[in-house]
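Starting off, we have a lone chain in the form predicted on its own, written out as structure tokens.
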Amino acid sequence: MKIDPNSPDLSAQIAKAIRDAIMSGDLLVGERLPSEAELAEQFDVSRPTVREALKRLGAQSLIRTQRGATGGAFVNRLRFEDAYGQQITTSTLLLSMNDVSFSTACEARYALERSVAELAAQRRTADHLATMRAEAHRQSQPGLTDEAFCASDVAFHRALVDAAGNPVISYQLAGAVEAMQPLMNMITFSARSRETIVGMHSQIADALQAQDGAGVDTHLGALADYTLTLAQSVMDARDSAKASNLTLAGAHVAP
């Protein structure tokens, strides 16, 4: 493992070198890393620089630390569930920092979810169905806040994706469900009919219970169309309000 000593960020280079060694299999799961002093000597850097590199690896869940006589830093077994947060954060940042239209985000979000409809229909368990039924019932409660409704909406679709029984799919779609869904809800919540959404969710759950993958896909497509219609109505209302405000402003300054 080598680094460029002239680099302005030595800790990042050290972290990458160790990460590459883990990914290549040179460092195995459960293996103890050299001590801070040994790493500092190996990379010809200070111990604080090594310590910062280890912090970076720990934040990525690639290593775990253990205290005591047999302690130190060890290569961690990274689980798909452990990486959900990073996937969601990255997806949220990409959507918020780039000029992605609502229709583009909606198309991507539902295309990804519809791709697992058949697998989910064949592999769903009683727990997945129970979660989806419970969330649909929760969404029908009149006193539910918009924030709680959104959280329930995410949980419903999370259960549908997880029903595919494939951890790689669940990881890849974490951003689609848990990043895109809340952002889309922020735009459409003022125009949506909860009763309509609950009805659509119930249809999806019914099709999933009947192991009807085509039906799940059809109802998800209908939900996507409804979501796009809601967004368009919200945007049209905003444009109309802006036009009215401009007209009023013009009337006030007219001679």
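Note that this is a predicted model, so its numbers are computed, not measured. A residue's number is simply how far along the shown sequence it sits, counting from 1.
What comes next is about the form predicted together with another copy of the chain, which is not displayed.
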Can N98 be called a contact residue for another copy of the chain in the predicted complex at 4.5 Å between heavy atoms?
yes
Residue-level question: is D127 within 4.5 Å of another copy of the chain in the predicted complex, judged on heavy atoms?
no
Quick check on Q60: any heavy atom within 4.5 Å of another copy of the chain in the predicted complex?
yes
Hey, in the predicted complex, is R194 touching another copy of the chain, heavy atoms inside 4.5 Å?
no
Listed range touching another copy of the chain, judged in the predicted complex by heavy atoms within 4.5 Å, from 207 to 215, 226 to 234, 24 to 32, 194 to 202
24 to 32
Of C150, A136, V75, A121, which residue is found within 4.5 angstroms of another copy of the chain in the predicted complex when only non-hydrogen atoms are counted?
V75
Give me the residue from S115, S140, T131, N185 that has a heavy atom within 4.5 Å of another copy of the chain in the predicted complex.
S115
At 4.5 angstroms, heavy atoms only, are D146, S190 and A222 all close to another copy of the chain in the predicted complex?
no
Residue by residue through 58 to 91, tell me which have a non-hydrogen atom within 4.5 angstroms of another copy of the chain in the predicted complex.
A59, Q60, L62, R67, V75, N76, R77, L78, R79, F80, A83, Q86, Q87, T89, T90, S91
